[in-house]
Ligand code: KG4
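One chain comes next, on its own, written as structure tokens: the form predicted alone.
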Amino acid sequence: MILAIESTCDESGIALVSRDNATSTRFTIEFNVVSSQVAKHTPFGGVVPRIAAREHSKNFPILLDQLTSFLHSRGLQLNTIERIAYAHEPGLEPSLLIGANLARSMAYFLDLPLQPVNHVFAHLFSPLIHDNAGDISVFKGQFPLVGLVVSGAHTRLYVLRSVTDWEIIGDTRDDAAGEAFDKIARMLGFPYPGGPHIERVAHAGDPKKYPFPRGLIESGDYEFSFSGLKTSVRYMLRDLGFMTEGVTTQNTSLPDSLKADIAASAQRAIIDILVTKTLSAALEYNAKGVIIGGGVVANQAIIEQFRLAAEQMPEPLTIYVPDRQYATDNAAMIGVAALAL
């Protein structure tokens, strides 16, 4: 039984992940709770590190009480836990510190080994979880794999030759895809987090209406850039009279059709970049599959385009995607990664 802790940004998470024995590859998510802070950060248009750390300090005692109640309901004690895993990087330093201190304290008092886990890499294990269970051997025999993590702070490409043999082959040079979604949504008058609003209104829009730039799409490498897209949307709104320099002045009066077309066109630009770069890497590295993780892939339009593009590949390419509840930050993926690593 592994106790996992997630606190890299604004989600406080605790999970228990178990397997039958030390050699078993199958696992079960026995317990998984996430306390979201979205409502606390919405007025500020993004996550405020100081507030995030404060809320983690409030949330974790509550989550630990829920964990204790769960264990008692099963006739178990905290000493049932054999290892403690925690997300140790990357993330907001004040938030990371709260989770790390909790993990270290529990490991000390329970005399348990402590396992730090890279939060971004852990997202690549979230597609293994279905109906609160899974098997870490799913990837066995499928290597090499290309992994894409798309979140508010990260857009990163990996090549995995095995679970423990991997390297980063591409990263974002400026804004991550999730950040671009949020900032464009804010220009259109939507609250934080903006990604779900963009996805919702894009259904009614024309994705070919505005030819927004696809940053670095033909750069020949696997680096990402979304700042040009964000700037292009801003300039367009300015030219239409809905924005002055740096200040959205009339976004609430934007016609719904205009919002929908901008959302659809911007979303398509982001998707085109993600799909093109990722599948190009799959070709170069002779990948048998692509793993996609991170909160942004809760956007179903992204998944649909990846699957459509995969069907056009010269060789069959499996697309591994997480269930929606495990796409965003959670402790279960930290526990599964700890098992696999």
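Quick note: we count residues from 1 along the sequence shown, nothing fancier. Remember, it's a predicted structure, so these values are computed and weren't measured experimentally.
Heads up, the form predicted together with the named molecule isn't pictured, but that's what we're talking about next.
Participant: Could you tell me which stretch in 100-108, 208-216, 134-142, 148-156 has residues with non-hydrogen atoms within 4.5 Å of the named molecule in the predicted bound form?
Facilitator: It is the stretch 148-156.
Participant: Using the partner position in the predicted bound form, report whether Asp175 sits within 4.5 Å of the named molecule, counting heavy atoms only.
Facilitator: No - in the predicted bound form, heavy atoms of Asp175 and the named molecule never come within 4.5 Å of each other.
Participant: In the predicted bound form, does Phe125 have a heavy atom within 4.5 Å of the named molecule?
Facilitator: Phe125 lies outside the contact set for the named molecule.
Participant: Can any non-hydrogen atom of Ala52 be found within 4.5 angstroms of the named molecule in the predicted bound form?
Facilitator: Ala52: no, not in contact with the named molecule in the predicted bound form.
Participant: Given that the named molecule is not shown alongside this chain, does Pro196 nevertheless sit within 4.5 Å of it in the predicted bound form, heavy atom to heavy atom?
Facilitator: Heavy-atom contact with the named molecule at 4.5 Å: present for Pro196.
Participant: Do any residues of 280-304 have a non-hydrogen atom within 4.5 angstroms of the named molecule in the predicted bound form? If so, which ones, in sequence order?
Facilitator: Read in sequence order, the residues that approach the named molecule (within 4.5 Å, in the predicted bound form) are Gly294, Gly295, Val296, Ala298, Asn299.
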